[in-house]
Ligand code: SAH
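Next up is one chain by itself, shown in structure tokens, the form predicted alone.
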Amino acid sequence: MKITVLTLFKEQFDSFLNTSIIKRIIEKGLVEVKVVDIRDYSLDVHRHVDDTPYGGGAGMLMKVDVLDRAIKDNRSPNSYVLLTSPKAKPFIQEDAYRLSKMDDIVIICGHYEGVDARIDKYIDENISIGDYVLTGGELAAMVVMDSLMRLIDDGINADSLKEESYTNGLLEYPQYTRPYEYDGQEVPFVLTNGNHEEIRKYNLKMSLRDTYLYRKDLLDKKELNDEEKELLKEIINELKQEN
């Protein structure tokens, strides 16, 4: 996979691309990342990339002509072009899986007050990481890159991906490590008894419980099987008794 980032602040990606799992994925040759300065495509001596909006209003807009030149110079025939923008539903795990299957992605980092609306002609998709405002699209681009790069084959241990939050439509179950007891809290006994079927069922129940408590919206979207339905009934009854 190749990922090209078009940004006004290349230096923001230095640490991200040279740390931890992302660095190892790049060193393995699984992903080629190119970070491009949008200012290189400005034609005036001062390298302007923004201007005041027609009709008035606060802030400055990124210029469509500059962005168009940057896109054309850095895309290939099969590139998929993304623009960080609030004009999109929030990015979710399914989007990460979808994008991880692509061979060539260009991500444009929005900035200032926004981007000239005519940019829509030159992109394939707007992408948003949530219903809040950032000073620029660089952080959003890193979030998208991190989420999809770790899904690429051989990027990380495949077993690590199987039971993550959102992978099966639920939050991941709570997990524990040594010491067995700390500050009066013990690891649940079922996780230590070696009975794999009991452990599987317990983890599934805890996954359903956390999802019910913190992300009921996920349960509304998920079609539960018979075992999950029974466990969820148990959870709801137990929570009523606790209260």
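On a predicted model such as this, the values are computed, not experimentally measured, just so you know. Quick note: we count residues from 1 along the sequence shown, nothing fancier.
There is another form of this protein, the form predicted in complex with the named molecule, and it is not shown here; the text below is about that form.
Participant: Given that the partner is absent here, state which listed stretch (107-115, 72-80, 148-156, 169-177) has heavy atoms within 4.5 Å of the named molecule in the model of the complex.
Facilitator: Of the options given, it is 107-115.
Participant: When the contact criterion is heavy atoms within 4.5 Å, does S128 count as touching the named molecule in the model of the complex?
Facilitator: Contact with the named molecule, yes.
Participant: Is M102 close to the named molecule in the model of the complex, meaning a heavy atom pair under 4.5 Å apart or at it?
Facilitator: No, no contact at 4.5 Å.
Participant: Do L134 and the named molecule come within 4.5 Å of each other in the model of the complex, heavy atoms counted?
Facilitator: Close contact exists here: in the model of the complex, L134 approaches the named molecule to within 4.5 Å, heavy atoms only.
Participant: Wondering, does R98 line up within 4.5 Å of the named molecule in the model of the complex on heavy atoms?
Facilitator: Contact check for R98: no, nothing within 4.5 Å of the named molecule in the model of the complex.
Participant: Relative to the named molecule in the model of the complex, which residues of 72-108 have a heavy atom no more than 4.5 Å away?
Facilitator: Contacting residues: T84, S85, P86, K87.
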